[in-house]
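Before any questions on how it binds or moves, here is one chain, the form predicted alone, in structure tokens.
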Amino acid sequence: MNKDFLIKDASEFVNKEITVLGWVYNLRPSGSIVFLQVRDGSGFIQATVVKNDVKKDVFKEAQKITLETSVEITGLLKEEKRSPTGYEISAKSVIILSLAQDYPIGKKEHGPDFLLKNRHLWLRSKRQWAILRIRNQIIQGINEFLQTEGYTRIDTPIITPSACEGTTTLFEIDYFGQKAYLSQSGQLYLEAAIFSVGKCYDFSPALRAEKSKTRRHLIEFWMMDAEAAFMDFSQMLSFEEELIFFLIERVLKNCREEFKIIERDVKPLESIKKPFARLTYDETVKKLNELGSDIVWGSDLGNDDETMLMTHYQTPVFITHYPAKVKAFYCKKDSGNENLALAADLLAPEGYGEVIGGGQREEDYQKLVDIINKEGLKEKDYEWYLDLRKYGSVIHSGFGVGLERLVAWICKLEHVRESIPFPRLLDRFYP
């Protein structure tokens, strides 16, 4: 008997007696047989309890089981093509560890409000299990890619004295009598770290008080920000492209079963090739106007614009050279046109929008001081940031990957709220 058995390793234990510890997520009594669908966190398997093959008390115990009851089942593991998972346990022993009472999520359709209110239980569903595992593969892939490329992970603060992405979306807090903010991004701190380690990244929550109810917005989300010394704008775009292509190949290799569970057609992902398409902001505005958008030059792309544009591309698209006025103060201007920023967004296909935003940073001290003053920011709040331009400033670039948007695209989710275990939305922070 093997009590260290995990369902994911079922193929290694065929015709052996095993013990599985898990939860019953579905069951069907059929006369003299009770069919139990069990998960243990690593996978799913069917167990059958046959009345004539077990002791009376074992069969009675099996008949008591309800949805989400935790159990310990011992029996012979065998291949069974008729089983939903291809394997089956012929149970000899069934022990109820904790009997679940009136589990609220059933087989019937539930609305999003009900499911979000019960998110702590909804996570147990097969679909949510699969999304969480794909998300985990993406996280592992980002770390693996960056570490392989020589990037050092740097943990940046969540409490900050100043804004990184504009002042309108800041969460203000009282820091022992001083005004402080929850971090919108760790980027500015990563810029400091490149002078020590050369190339670095962080992976942490970002909090933005955006009063938006679109399917792409969360109040709290996870962001990977990366910065590199001696990297220019063009090099940064190529690096982003390599990262995304690496992640797509990784999930296609490692998440086939999960994609089947969420019914994600992977052909669009398989068809993605390098290089990705590139459009300047000027070209993008013209293209959107042709498609029927009323966007005017100088405006940032809205969600509807991104969706409209990305229904026409089968590969990710870089939008480059935005108007400087719609990008953050630290973006370097194009030497050929000071009205444009060396900034780019990577938009995902299939109607999805921005998954990466980045650009080259302004490395000149005086230019950065002038921009800070022009935008009405307080120079004293950025003294430490300006120091980076005083002492050995170099060309450098960086970008941020929104994890939940990336997961939403790769899983083809209707709403970003399914891409994170416990979403924080404009009107919801429970549970």
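So that there is no doubt, residue numbering starts at 1 and follows the sequence shown. A quick note: this is a predicted structure, and the numbers were derived from the prediction, not measured.
Unshown form predicted in complex with another copy of the chain; subsequent notes refer to it.
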Quiz prompt | residue 70 within 4.5 Å of another copy of the chain in the predicted bound form, heavy atoms | solution = yes
Quiz item: Even though another copy of the chain is not shown here, does residue 311 get within 4.5 Å of it in the predicted bound form, heavy atoms only?
Solution: no
Quiz item: Do residue 63 and another copy of the chain come within 4.5 Å of each other in the predicted bound form, heavy atoms counted?
Solution: no
Exercise. Report yes if any heavy atom of residue 245 sits within 4.5 Å of a heavy atom of another copy of the chain in the predicted bound form; otherwise report no.
Key: no
Quiz item: Given that another copy of the chain is left out here, which of 271, 339, 335, 196 has a heavy atom within 4.5 Å of it in the predicted bound form?
Solution: 196
Quiz item: What is the one choice in 174, 113, 265, 109 with a heavy atom within 4.5 Å of another copy of the chain in the predicted bound form?
Solution: 174
Self-check item: Region of this chain that lies against another copy of the chain in the predicted bound form, out of 87 to 95, 320 to 328, 278 to 286, 178 to 186 [heavy atom, 4.5 Å]
Solution: 178 to 186
Self-check item: another copy of the chain in the predicted bound form - contacting residues of 277 to 301, heavy atom within 4.5 Å
Solution: none
